[in-house]
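Encoded as C-alpha coordinates, the following chain is the form predicted alone, with no partner shown.
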(Lines give C-alpha, C1' and ligand atoms only; values in the text may rest on other atoms or scores of the structure.)
Protein backbone atom coordinates (compact mmCIF):
# COMPACT_ATOMS: atom_id res chain seq x y z
CA UNK A 1 0.00 0.00 0.00
CA UNK A 2 2.79 2.40 0.90
CA UNK A 3 4.45 1.85 -2.48
CA UNK A 4 1.21 2.11 -4.46
CA UNK A 5 0.23 5.44 -2.89
CA UNK A 6 3.76 6.83 -3.19
CA UNK A 7 3.92 6.00 -6.90
CA UNK A 8 0.35 6.66 -8.03
CA UNK A 9 -1.06 9.48 -5.86
CA UNK A 10 0.58 12.89 -6.27
CA UNK A 11 0.00 16.33 -4.81
CA UNK A 12 -2.73 18.08 -6.78
CA UNK A 13 -4.33 14.87 -8.07
CA UNK A 14 -8.08 14.39 -8.46
CA UNK A 15 -9.00 11.14 -6.69
CA UNK A 16 -12.24 9.18 -6.98
CA UNK A 17 -13.03 6.88 -4.05
CA UNK A 18 -15.91 5.75 -1.89
CA UNK A 19 -17.70 4.98 -5.14
CA UNK A 20 -19.96 2.21 -3.87
CA UNK A 21 -21.66 4.56 -1.42
CA UNK A 22 -21.52 2.98 2.06
CA UNK A 23 -19.69 -0.24 1.19
CA UNK A 24 -16.17 -1.01 0.04
CA UNK A 25 -14.71 2.36 1.08
CA UNK A 26 -10.90 2.02 0.75
CA UNK A 27 -10.04 3.31 4.22
CA UNK A 28 -6.61 1.64 4.24
CA UNK A 29 -5.66 3.68 1.18
CA UNK A 30 -7.22 6.84 2.65
CA UNK A 31 -5.13 6.50 5.79
CA UNK A 32 -1.95 5.91 3.79
CA UNK A 33 -2.62 9.08 1.78
CA UNK A 34 -2.87 10.97 5.06
CA UNK A 35 0.33 9.40 6.41
CA UNK A 36 2.18 10.41 3.23
CA UNK A 37 0.90 13.98 3.65
CA UNK A 38 -0.47 14.48 0.16
CA UNK A 39 -1.71 18.02 -0.46
CA UNK A 40 -4.04 20.00 -2.77
CA UNK A 41 -6.13 16.95 -3.68
CA UNK A 42 -9.52 17.04 -5.37
CA UNK A 43 -11.89 14.38 -4.00
CA UNK A 44 -14.55 12.93 -6.29
CA UNK A 45 -17.42 10.68 -5.27
CA UNK A 46 -21.11 10.37 -4.58
CA UNK A 47 -21.36 10.14 -0.77
CA UNK A 48 -17.95 8.97 0.53
CA UNK A 49 -19.14 8.54 4.13
CA UNK A 50 -16.44 9.70 6.58
CA UNK A 51 -13.47 8.98 4.27
CA UNK A 52 -13.67 12.42 2.66
CA UNK A 53 -14.13 14.05 6.06
CA UNK A 54 -10.93 12.45 7.35
CA UNK A 55 -8.92 13.52 4.30
CA UNK A 56 -10.28 17.07 4.52
CA UNK A 57 -9.67 17.43 8.26
CA UNK A 58 -6.11 16.10 7.81
CA UNK A 59 -5.37 18.97 5.42
CA UNK A 60 -4.93 16.95 2.23
CA UNK A 61 -7.81 18.46 0.26
CA UNK A 62 -8.32 21.65 -1.72
CA UNK A 63 -11.53 20.80 -3.59
CA UNK A 64 -14.45 18.39 -3.37
CA UNK A 65 -16.70 17.25 -6.22
CA UNK A 66 -19.49 15.27 -4.58
CA UNK A 67 -23.16 14.94 -3.77
CA UNK A 68 -22.69 14.88 0.00
CA UNK A 69 -19.86 14.90 2.56
CA UNK A 70 -20.35 13.70 6.10
CA UNK A 71 -20.81 10.63 8.25
CA UNK A 72 -23.85 8.57 7.30
CA UNK A 73 -24.12 7.01 10.76
CA UNK A 74 -23.81 10.34 12.57
CA UNK A 75 -24.80 13.14 10.21
CA UNK A 76 -22.75 16.22 9.44
CA UNK A 77 -19.04 15.92 8.72
CA UNK A 78 -17.35 18.22 11.19
CA UNK A 79 -14.01 18.23 9.37
CA UNK A 80 -15.74 19.23 6.15
CA UNK A 81 -17.73 21.97 7.88
CA UNK A 82 -14.68 23.44 9.60
CA UNK A 83 -12.83 23.58 6.28
CA UNK A 84 -15.71 24.97 4.24
CA UNK A 85 -17.07 27.42 6.82
CA UNK A 86 -13.89 28.48 8.67
CA UNK A 87 -10.98 27.46 6.40
CA UNK A 88 -9.67 25.08 9.11
CA UNK A 89 -7.17 23.55 8.43
CA UNK A 90 -7.40 25.22 5.01
CA UNK A 91 -9.92 26.73 2.62
CA UNK A 92 -12.05 24.21 0.74
CA UNK A 93 -13.79 24.67 -2.62
CA UNK A 94 -17.00 22.66 -3.19
CA UNK A 95 -18.49 21.63 -6.53
CA UNK A 96 -21.96 20.46 -5.60
CA UNK A 97 -23.71 17.61 -7.42
CA UNK A 98 -26.52 15.14 -7.10
CA UNK A 99 -25.55 11.47 -7.02
CA UNK A 100 -26.84 11.23 -10.58
CA UNK A 101 -24.92 14.18 -12.05
CA UNK A 102 -21.58 13.11 -10.58
CA UNK A 103 -22.31 9.68 -12.08
CA UNK A 104 -23.05 11.22 -15.47
CA UNK A 105 -19.81 13.20 -15.33
CA UNK A 106 -17.79 10.05 -14.68
CA UNK A 107 -19.75 8.08 -17.29
CA UNK A 108 -19.05 10.74 -19.92
CA UNK A 109 -15.32 10.48 -19.23
CA UNK A 110 -15.53 6.68 -19.32
CA UNK A 111 -17.21 6.88 -22.74
CA UNK A 112 -14.72 9.41 -24.06
CA UNK A 113 -17.37 12.04 -24.81
CA UNK A 114 -17.28 15.69 -23.66
CA UNK A 115 -20.63 15.60 -21.87
CA UNK A 116 -23.86 13.67 -21.39
CA UNK A 117 -27.34 15.22 -21.56
CA UNK A 118 -30.00 14.98 -18.87
CA UNK A 119 -33.28 16.55 -17.83
CA UNK A 120 -32.55 15.80 -14.18
CA UNK A 121 -31.70 18.96 -12.29
CA UNK A 122 -33.69 21.42 -14.38
CA UNK A 123 -35.20 23.99 -12.03
CA UNK A 124 -33.02 22.94 -9.09
CA UNK A 125 -30.56 25.10 -7.18
CA UNK A 126 -27.62 22.73 -7.75
CA UNK A 127 -27.37 23.53 -11.47
CA UNK A 128 -27.64 27.33 -11.09
CA UNK A 129 -24.32 28.88 -12.29
CA UNK A 130 -22.72 25.45 -12.12
CA UNK A 131 -19.20 25.12 -13.59
CA UNK A 132 -19.87 21.66 -15.04
CA UNK A 133 -23.61 21.65 -15.82
CA UNK A 134 -25.03 23.94 -18.51
CA UNK A 135 -28.24 24.18 -20.58
CA UNK A 136 -27.90 23.20 -24.23
CA UNK A 137 -30.15 23.06 -27.27
CA UNK A 138 -31.43 19.74 -28.54
CA UNK A 139 -30.10 19.48 -32.13
CA UNK A 140 -33.21 17.48 -33.02
CA UNK A 141 -35.61 20.17 -31.87
CA UNK A 142 -36.82 18.64 -28.61
CA UNK A 143 -36.96 20.23 -25.14
CA UNK A 144 -33.69 21.77 -24.00
CA UNK A 145 -31.70 19.42 -21.72
CA UNK A 146 -28.73 20.06 -19.47
CA UNK A 147 -25.20 18.98 -20.38
CA UNK A 148 -23.03 17.45 -17.65
CA UNK A 149 -19.35 17.81 -18.60
CA UNK A 150 -17.02 14.83 -18.39
CA UNK A 151 -15.02 14.39 -15.20
CA UNK A 152 -11.77 12.43 -15.49
CA UNK A 153 -10.02 11.61 -12.20
CA UNK A 154 -6.27 11.23 -12.10
CA UNK A 155 -6.71 8.21 -9.82
CA UNK A 156 -9.57 5.90 -8.86
CA UNK A 157 -9.05 3.82 -5.69
CA UNK A 158 -11.34 0.80 -5.51
CA UNK A 159 -11.61 -2.01 -2.95
CA UNK A 160 -12.74 -5.40 -4.28
CA UNK A 161 -13.14 -8.94 -3.02
CA UNK A 162 -10.38 -10.47 -5.12
CA UNK A 163 -8.03 -9.80 -8.00
CA UNK A 164 -5.18 -11.54 -9.77
CA UNK A 165 -1.65 -10.19 -9.95
CA UNK A 166 -2.46 -8.43 -13.23
CA UNK A 167 -5.24 -6.44 -11.58
CA UNK A 168 -8.22 -8.24 -13.11
CA UNK A 169 -10.74 -7.67 -10.35
CA UNK A 170 -13.81 -9.59 -9.24
CA UNK A 171 -16.35 -7.38 -7.52
CA UNK A 172 -19.88 -8.13 -6.39
CA UNK A 173 -22.51 -6.48 -4.23
CA UNK A 174 -23.28 -2.79 -4.52
CA UNK A 175 -21.29 -1.20 -7.35
CA UNK A 176 -22.45 2.41 -7.23
CA UNK A 177 -20.17 4.38 -9.58
CA UNK A 178 -17.22 2.01 -9.27
CA UNK A 179 -17.10 0.78 -12.86
CA UNK A 180 -17.67 4.24 -14.33
CA UNK A 181 -14.79 5.67 -12.28
CA UNK A 182 -12.40 2.86 -13.20
CA UNK A 183 -12.96 3.50 -16.91
CA UNK A 184 -12.86 7.29 -16.47
CA UNK A 185 -9.64 7.51 -14.41
CA UNK A 186 -6.15 7.89 -15.78
CA UNK A 187 -4.86 5.44 -13.16
CA UNK A 188 -6.65 2.87 -10.99
CA UNK A 189 -5.43 1.38 -7.73
CA UNK A 190 -7.14 -1.87 -6.80
CA UNK A 191 -7.06 -2.90 -3.15
CA UNK A 192 -8.42 -6.37 -2.48
CA UNK A 193 -9.17 -8.88 0.20
CA UNK A 194 -6.98 -11.41 -1.59
CA UNK A 195 -4.82 -11.83 -4.67
CA UNK A 196 -5.78 -15.11 -6.34
CA UNK A 197 -4.45 -17.20 -9.25
CA UNK A 198 -5.53 -16.13 -12.74
CA UNK A 199 -7.59 -19.28 -13.27
CA UNK A 200 -9.96 -18.25 -10.46
CA UNK A 201 -10.64 -14.93 -12.19
CA UNK A 202 -11.01 -16.66 -15.57
CA UNK A 203 -13.48 -19.14 -14.11
CA UNK A 204 -16.09 -16.37 -13.79
CA UNK A 205 -15.32 -13.72 -16.43
CA UNK A 206 -18.64 -11.90 -16.04
CA UNK A 207 -17.68 -11.00 -12.47
CA UNK A 208 -14.53 -9.23 -13.67
CA UNK A 209 -15.88 -5.71 -13.29
CA UNK A 210 -12.47 -4.10 -13.68
CA UNK A 211 -10.10 -5.60 -16.26
CA UNK A 212 -6.38 -5.63 -15.66
CA UNK A 213 -5.61 -3.26 -18.52
CA UNK A 214 -7.26 -0.49 -16.47
CA UNK A 215 -5.34 -1.32 -13.30
CA UNK A 216 -2.14 0.54 -12.46
CA UNK A 217 -1.47 -1.07 -9.07
CA UNK A 218 -3.00 -3.93 -7.11
CA UNK A 219 -2.58 -4.31 -3.35
CA UNK A 220 -3.66 -7.23 -1.16
CA UNK A 221 -5.00 -5.69 2.04
CA UNK A 222 -7.46 -7.86 3.99
CA UNK A 223 -9.88 -5.67 5.89
CA UNK A 224 -8.82 -2.71 3.79
CA UNK A 225 -12.33 -1.25 3.72
CA UNK A 226 -13.16 -1.58 7.42
CA UNK A 227 -15.16 -0.20 9.13
CA UNK A 228 -17.31 -0.22 5.96
CA UNK A 229 -18.72 -3.51 4.69
CA UNK A 230 -17.45 -5.81 1.95
CA UNK A 231 -20.00 -8.26 0.58
CA UNK A 232 -19.14 -11.81 1.61
CA UNK A 233 -16.14 -10.76 3.74
CA UNK A 234 -16.95 -8.07 6.33
CA UNK A 235 -19.99 -6.62 8.04
CA UNK A 236 -20.22 -2.88 8.62
CA UNK A 237 -18.92 -1.81 12.02
CA UNK A 238 -21.15 1.06 13.17
CA UNK A 239 -19.28 2.00 16.36
CA UNK A 240 -16.15 3.43 14.68
CA UNK A 241 -18.36 5.72 12.61
CA UNK A 242 -20.14 6.97 15.72
CA UNK A 243 -16.89 7.24 17.67
CA UNK A 244 -15.30 9.29 14.90
CA UNK A 245 -18.37 11.51 14.78
CA UNK A 246 -18.16 12.22 18.51
CA UNK A 247 -14.42 12.82 18.59
CA UNK A 248 -14.17 14.88 15.40
CA UNK A 249 -16.68 17.45 16.67
CA UNK A 250 -13.66 19.58 17.69
CA UNK A 251 -10.34 20.04 15.90
CA UNK A 252 -8.47 18.79 18.98
CA UNK A 253 -10.68 15.74 19.16
CA UNK A 254 -9.99 14.97 15.51
CA UNK A 255 -6.23 15.30 16.05
CA UNK A 256 -6.41 12.80 18.91
CA UNK A 257 -8.43 10.38 16.77
CA UNK A 258 -6.02 10.84 13.85
CA UNK A 259 -3.02 10.07 16.02
CA UNK A 260 -4.61 6.94 17.46
CA UNK A 261 -6.09 5.40 14.32
CA UNK A 262 -3.88 6.67 11.47
CA UNK A 263 -0.56 8.31 12.33
CA UNK A 264 0.44 5.76 14.98
CA UNK A 265 -0.62 2.86 12.72
CA UNK A 266 2.11 1.96 10.19
CA UNK A 267 -0.23 -0.16 8.07
CA UNK A 268 -3.58 -1.94 7.96
CA UNK A 269 -2.28 -4.96 9.88
CA UNK A 270 -1.55 -2.66 12.81
CA UNK A 271 -5.02 -1.13 12.45
CA UNK A 272 -6.66 -4.55 12.69
CA UNK A 273 -4.52 -5.40 15.70
CA UNK A 274 -5.58 -2.15 17.37
CA UNK A 275 -9.22 -3.08 16.72
CA UNK A 276 -8.67 -6.26 18.70
CA UNK A 277 -9.16 -9.89 17.76
CA UNK A 278 -12.70 -10.03 19.18
CA UNK A 279 -13.86 -7.09 17.04
CA UNK A 280 -12.25 -8.49 13.90
CA UNK A 281 -13.90 -11.88 14.39
CA UNK A 282 -17.26 -10.28 15.15
CA UNK A 283 -17.20 -8.47 11.81
CA UNK A 284 -15.85 -11.29 9.67
CA UNK A 285 -18.51 -12.97 7.50
CA UNK A 286 -18.47 -16.70 8.22
CA UNK A 287 -21.80 -17.83 6.81
CA UNK A 288 -22.31 -18.48 3.10
CA UNK A 289 -25.03 -17.52 0.64
CA UNK A 290 -23.63 -18.72 -2.66
CA UNK A 291 -24.80 -17.76 -6.14
CA UNK A 292 -25.96 -20.51 -8.46
CA UNK A 293 -23.21 -22.05 -10.59
CA UNK A 294 -22.84 -20.90 -14.19
CA UNK A 295 -21.68 -23.10 -17.07
CA UNK A 296 -19.17 -21.26 -19.26
CA UNK A 297 -18.48 -24.20 -21.57
CA UNK A 298 -18.56 -23.12 -25.26
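Residue numbers count along the first chain shown, from 1. Predicted model only: the values in this text are computed from it and were never measured.
The same protein has a further form, the form predicted together with another copy of the chain, not shown here; the description that follows concerns it.
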Counting only non-hydrogen atoms and a 4.5 angstroms cut-off, does residue 204 reach another copy of the chain in the predicted bound form? yes
Check whether residue 149 has any heavy atom within 4.5 Å of a heavy atom of another copy of the chain in the predicted bound form, and answer yes or no. yes
Check residue 104 for me: does it contact another copy of the chain in the predicted bound form (non-hydrogen atoms, 4.5 angstroms)? yes
Even though another copy of the chain is not shown here, does residue 232 get within 4.5 Å of it in the predicted bound form, heavy atoms only? yes
Does any residue in 265-298 get within 4.5 Å of another copy of the chain in the predicted bound form, counting heavy atoms only, and if so which ones? 285, 287, 288, 289, 290, 291, 292, 293, 294, 295, 296, 297, 298
